[in-house]
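Form predicted on its own, single chain, as structure tokens, below.
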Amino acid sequence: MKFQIEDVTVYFPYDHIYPEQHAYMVELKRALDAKGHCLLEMPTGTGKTIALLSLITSYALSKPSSLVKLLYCTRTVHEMEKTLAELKLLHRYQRLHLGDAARTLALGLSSRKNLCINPAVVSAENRDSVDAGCRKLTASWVRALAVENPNIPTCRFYEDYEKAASDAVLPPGVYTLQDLRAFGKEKEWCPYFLARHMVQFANVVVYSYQYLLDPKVAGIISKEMQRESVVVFDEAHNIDNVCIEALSVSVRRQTLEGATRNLNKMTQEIQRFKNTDAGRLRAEYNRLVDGLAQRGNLPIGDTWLSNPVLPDDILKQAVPGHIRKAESFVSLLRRLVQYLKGRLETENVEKEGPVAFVGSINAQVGIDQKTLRFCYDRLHSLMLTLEITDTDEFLHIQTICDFATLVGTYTRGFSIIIEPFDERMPHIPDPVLQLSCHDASLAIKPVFERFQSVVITSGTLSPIDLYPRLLNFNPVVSRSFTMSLTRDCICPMVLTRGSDQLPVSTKFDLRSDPGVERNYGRLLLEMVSVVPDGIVCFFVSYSYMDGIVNSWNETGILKEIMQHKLVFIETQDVVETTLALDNYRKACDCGRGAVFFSVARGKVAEGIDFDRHYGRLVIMFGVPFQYTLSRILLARLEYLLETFQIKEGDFLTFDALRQAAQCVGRVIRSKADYGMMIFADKRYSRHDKRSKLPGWILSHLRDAHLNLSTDMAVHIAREFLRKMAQPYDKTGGSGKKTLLSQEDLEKVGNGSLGEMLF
């Protein structure tokens, strides 16, 4: 269908649209017109992605002079592929109406691991090895040697791509990662470098958060993007954590040992060059004297990660004199590594600010703040001079230089925390030195400043007023949408006590109480006998899940559960979990029914959908608070209180409830779907906790369902499932419209939408 929103003709590839999608588009258009940033919370399963894509691409088509480019950021490759598939459908529909005027170029960009088609390289087990394998075949000096000696291996796909030069372009269309690989194989061009080159010409680019938020990657990939871009962060409820991880570094003993090996190897290489090609080292020295940074004009195959600090904070000066010589720089790094080794020998937990830490480095090993700031760039220059291609082996020294550059650059919003062991396993010495960033607004600030509109959207952004404070920006639109339903297909319940009236909770003083464990087990046992197909259970942590499943096993509850349904468990091993999920789905498909045990904040809670019969009930055992004794978390809470006046309790509750909402939101993936949610903890009945859940869950939570015991919950579940089994009218025949056709939208233009919806 196509319809007008003010002066924009919106092309929407389906025959009907949900009222909240229409409202979402109206708000989004307001933000684009105002050239400002916006926060939009939209319930899961209401077609958020297609609403975003169709409005922004239609907006660009209706204003061809404005050159609007869409940068769509997702968290996982799976989400990227889903977004591109929706975009394909939309593009086909726009071509149908507009012909060639709707031609567009849209592509996904991912790491070499997901795009490489050279079988010798892509077979390596992890991402760093694939990157290094690629560099060994495509670095400019390797290719120069291969010209003289044909036995030196190069990558034929990269060579053909380079030969094609300006002819190597992607024709207009929408390309998923699969399509890019297929196109690369057909033309025998390297899809990774082709995609990297085409990103600056594309109208829509779909890639990972890191490509914009992590300065090391953004400095290479995203620095070309024009200001008129619209940036969308989808599923952005955890965006503050992504920003913080982008600027944090942790150093362990293994890192320091690896760095020492790297430095020994570099010393040998420097010696070798001195004997064979001293001119190279001298040329580098002269270049550094002239202050020429080597970043600007590198061949694309040689570019390595960019500087770890934000673009505005990079020093635009010549490298200090005492580290221009290669040997001097390596010996300085040795002193730094030695100093860090000494700091890791501590028996107690230590916490310091960057200023004190840099002062202590200067006092003990004579390295000042300015020199630290140049470590990363100087290392990068040296690795190119020494023609090092196996970058995966040099990750350790790179981490040390990351650390040095960040600690030398930032004085506020960071702490250095040294812990001699993990508090959860105090008998195992595992010292770690962490430079942890506490201020999420640092990493995202350049994005807000550079691009005219940034859209932050997710199914769980409640309470929505906390995000502008955490990320330090002023949204022009901030709105939370509810779900319009023809029938009450969501049934949230708060369970506060077992059948024996004992309260249930995962509070620290109650969690290992046998009565609580027994009541949780009884609740699940009762539910597996009533609810058909799939049930998903979320626990607060892996250790708690292990403990409670063991106790259920000893008391025989697990055996009784297994008589009704099969049980599958998420582990920390990705392969095992994937296998468990596949078999869980098989068990649901064949009618045997299954229960899946998972962990809040785990992989499954973030990205796997349990729609239709794969999730008829989700039980959240407890409130998933972070580990509150973690030194890093405590330092961050202190900083949030001082800088943004966000109270400790407010932040912890907000963080726990967004995780809980994310877990239970997995069961509803469309309006025809139905499911129940049980929050099994007495703390959810308190208003201050409950009110932080998203509006679309709260609007279905009745007062009668706020303080249930197990037997009452079973009774409600039976009634609900019986009601859901009845036939119903999908468009909303009972006078409440939940699917709008084109005619309905034309009536909206005459201002009668309110009558149709309510």
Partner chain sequence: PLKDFCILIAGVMNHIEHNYGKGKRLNREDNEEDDDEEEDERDLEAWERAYADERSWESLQEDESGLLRPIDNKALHHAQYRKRLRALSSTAAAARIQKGLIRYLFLVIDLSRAAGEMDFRPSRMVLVAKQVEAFIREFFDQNPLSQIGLVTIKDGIAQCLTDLGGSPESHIKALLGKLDCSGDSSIQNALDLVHDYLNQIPSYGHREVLILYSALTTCDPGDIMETIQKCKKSKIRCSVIGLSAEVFICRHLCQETGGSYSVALDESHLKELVLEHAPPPPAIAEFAIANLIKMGFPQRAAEGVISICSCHKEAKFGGGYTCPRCKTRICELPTECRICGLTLVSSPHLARSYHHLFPIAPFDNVPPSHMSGTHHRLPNNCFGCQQSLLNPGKIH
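Residue numbers count along the first chain shown, from 1. Note that the structure is a prediction, hence the values are computed from the model and not measured.
The next section is about a form of this same protein that is not shown, the form predicted in complex with its partner chain.
Per the 4.5 Å heavy atom criterion, its partner chain in the model of the complex is contacted by stretch 589 to 597, the sole one of 620 to 628, 265 to 273, 499 to 507, 589 to 597.
Put simply, of Arg666, Arg636, Arg616, Arg373 only one has a heavy atom within 4.5 Å of its partner chain in the model of the complex, and it is Arg616. Site annotation in the model of the complex: the residue of Ile50, Leu721, Leu706, Val68 reaching within 4.5 Å of its partner chain with a heavy atom is Leu721. Looking at its partner chain in the model of the complex, residues Gln563, Tyr674 and His715 each place a heavy atom within 4.5 Å of it. Residue contact with its partner chain in the model of the complex: Gly353 places no heavy atom within 4.5 Å of it. Interface membership of Leu96, defined by any non-hydrogen atom within 4.5 Å of its partner chain in the model of the complex, is ruled out.
The closest non-hydrogen atom of Pro172 lies beyond 4.5 Å of its partner chain in the model of the complex. In the model of the complex, at least one heavy atom of Val531 sits within 4.5 Å of a heavy atom of its partner chain.
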